[in-house]
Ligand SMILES: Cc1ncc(COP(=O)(O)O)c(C=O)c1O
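The form predicted on its own is given below as one chain in structure tokens.
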């Protein structure tokens, strides 16, 4: 297993966004930099996923496909065994990725101009989704305690009192890496319930949680709090399947799900990729042992970066992530503008996601992908040493 994850796989010329499209989107010529700007990893999918896919491809007929009972049961069993959540088949709304579901729910559950709130800094696509659905962005800034982010509940309550229609919750949190505690999750859901605010919880990082921490889903709170809730779950981060484009959005309240069901039918999202269904089903059925080994590897990468920053980058602050394989580095003490910091990193050949993409509270930070073989990570460190000391 260690050997498999240590293997460097050439991803060039596979239409890979992270490696092949740096020049198109970032202006970085092919082959001149190590990309850390997209949140997928560089590990090969395990045989328990690829072997069933090969067999399915050999069958050779790829007509319209639906979700089988075994597909539903594989997801339900995984979430019961690993997250103590009792999913129900009727809660499932399956879409090509989380963002389409989130955007459609925003359109279903609010009107143009309504406020949609995020905890900033947060996953940059949330901002894009709010803007392009013509909603008004509301922000509750997270409190940064030397890299440890917490929710300002007083501020959150004031914002909810001011008429926020929907709260978009990232649980666990990207980019801060927090695994929100049971107390925090429960309080967020309780406040939303108190003020009649819908909550959309993106929980696609639920499986990438490191030792000493425990994920707590919004679906585990008081059943009364589920009345205006949707929770997005996926195997994409857990098993490296983002291009398979498959997310299940759980909506416990059948009445609140009706508008989304109509929209899915209107957009023709009522049949699915046979390969995506099979890959996800196989991952959930056979992936526990493999995922445990991968988490251990990612946690080791996390430790390598933390030790490097603490010993050699005296003006950079990094607190080891509790979740995700995305390091969030505070570079503000370098006293560089974001443009200067970005230019230095590009010149060194390390391409992170710049923190300003995650909101005002992300300025002066960078997000670095640790989902790679250790040899690649160590080369990134060599390059970072040149420009961040």
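Positions refer to the first chain, counted from 1. Just so we're clear, the structure is a prediction, and the values are computed from it rather than from any experiment.
One more form of this protein exists, namely the form predicted in complex with the ligand; it is left out here, but the text below deals with it.
At a distance of at most 4.5 angstroms from the ligand in the predicted complex, all three residues 99, 123 and 247 contribute at least one non-hydrogen atom. At least one heavy atom of residue 237 is located within 4.5 Å of the ligand in the predicted complex. Interface membership of residue 75, defined by any non-hydrogen atom within 4.5 Å of the ligand in the predicted complex, is ruled out. Using a 4.5 angstroms limit between non-hydrogen atoms, residue 202 touches the ligand in the predicted complex. Among heavy atoms of residue 174, some come within 4.5 Å of the ligand in the predicted complex. Only one segment in the set 159-167, 91-99, 289-297, 262-270 has residues whose heavy atoms sit within 4.5 Å of the ligand in the predicted complex; it is 91-99.
Contact with the ligand in the predicted complex, judged by any heavy atom within 4.5 Å, is made by just one of 39, 323, 361, 353: 39.
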